[in-house]
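Only one chain is shown below, in structure tokens, and it's the form predicted alone.
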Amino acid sequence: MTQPFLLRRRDFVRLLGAGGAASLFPGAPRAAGPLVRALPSSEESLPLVGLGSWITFNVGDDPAARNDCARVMEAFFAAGGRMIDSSPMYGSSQSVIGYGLSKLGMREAVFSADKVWTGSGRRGPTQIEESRRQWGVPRFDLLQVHNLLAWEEHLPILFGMKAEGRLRHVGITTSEGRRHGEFVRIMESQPLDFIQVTYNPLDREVERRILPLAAERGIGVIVNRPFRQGALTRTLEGEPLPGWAADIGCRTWAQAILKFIIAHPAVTCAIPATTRVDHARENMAAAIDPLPDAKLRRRMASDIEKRA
């Protein structure tokens, strides 16, 4: 079998920066926008790849670093991205996002996803308002209870904000497999619009109950830590891509991982975080047809597990 054309992640993104996907395929038409998936609780659709901000946007007041983050956001929006996710837990990330949205004039275009993260329900509204001020948006598209902290107190407040038109969607989050039992119980009992969980070819516990339940109850799914904070892509770097990669338009392992995730029918959006413009472009390019079917996804997970 002919070895598929293989680029390392750094080589792929260098070519993207030099002129986009057309640099790889001279004379080929430019790719269409990213694939979208309808939100179960509304008529709106979202691109299958979004942008996280954990660690990557926590750059403080450094002007150069803030401008670098704004350039990442610019590349993300230019490629058709919409959802950006943050939290009060993420240091200066919220204000950096607000700076980028203002600089780029994209406050109306972004799907703003943030969180409430405080052990006191009484402090929740104040924290939410401060987060909104830092983003500079009129209201959030989505607010999530971060890592289920004081969810019994926060969810009624968020549902009340939604009923009053001050918030569009309500959700809960967890990561790295924490508290899945409690997570399921909340999904079963509360009218959630979104959940956020960790999912990738190695972390697949959510396939057993959480993803099927989300589909059953019409709950959108946001996927965090798709690359295990970069550890998974670093492990795979240098490994040749299997033959199936070319069949689904993957030039890097990062794209293969993202396609595995977003091809699951219950997943609404994956939110990889990055500090680099070229990686933002590469990640968004994964949200383009074709996506793997269920049979290929099983093979992808097996191949990645053997190499990781």
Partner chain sequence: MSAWWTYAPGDLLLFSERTYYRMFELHNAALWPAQVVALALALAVALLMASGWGHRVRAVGAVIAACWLFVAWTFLLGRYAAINWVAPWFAALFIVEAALFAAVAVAGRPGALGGRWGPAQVVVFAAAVLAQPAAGLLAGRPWRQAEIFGLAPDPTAIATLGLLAVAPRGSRWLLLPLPVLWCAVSGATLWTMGAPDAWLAPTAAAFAMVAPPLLRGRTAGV
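Residue numbers count along the first chain shown, from 1. In this text, all values refer to a predicted model and were calculated from it rather than measured experimentally.
There is also a form predicted in complex with its partner chain; it is not shown, and the following applies to it.
Comment: 177 to 185 is the region of 137 to 145, 191 to 199, 177 to 185, 77 to 85 lying near its partner chain in the model of the complex, near meaning a non-hydrogen atom within 4.5 Å. Out of the listed residues 99, 227, 117, 111, 117 is the one that sits within 4.5 Å of its partner chain in the model of the complex by at least one heavy atom. The closest non-hydrogen atom of residue 91 lies within 4.5 Å of its partner chain in the model of the complex. Contact annotation for residue 55: at least one heavy atom lies within 4.5 Å of its partner chain in the model of the complex. When contacts are judged by a 4.5 Å heavy atom cut-off, residue 68 counts as touching its partner chain in the model of the complex. In the model of the complex, at least one heavy atom of residue 61 sits within 4.5 Å of its partner chain.
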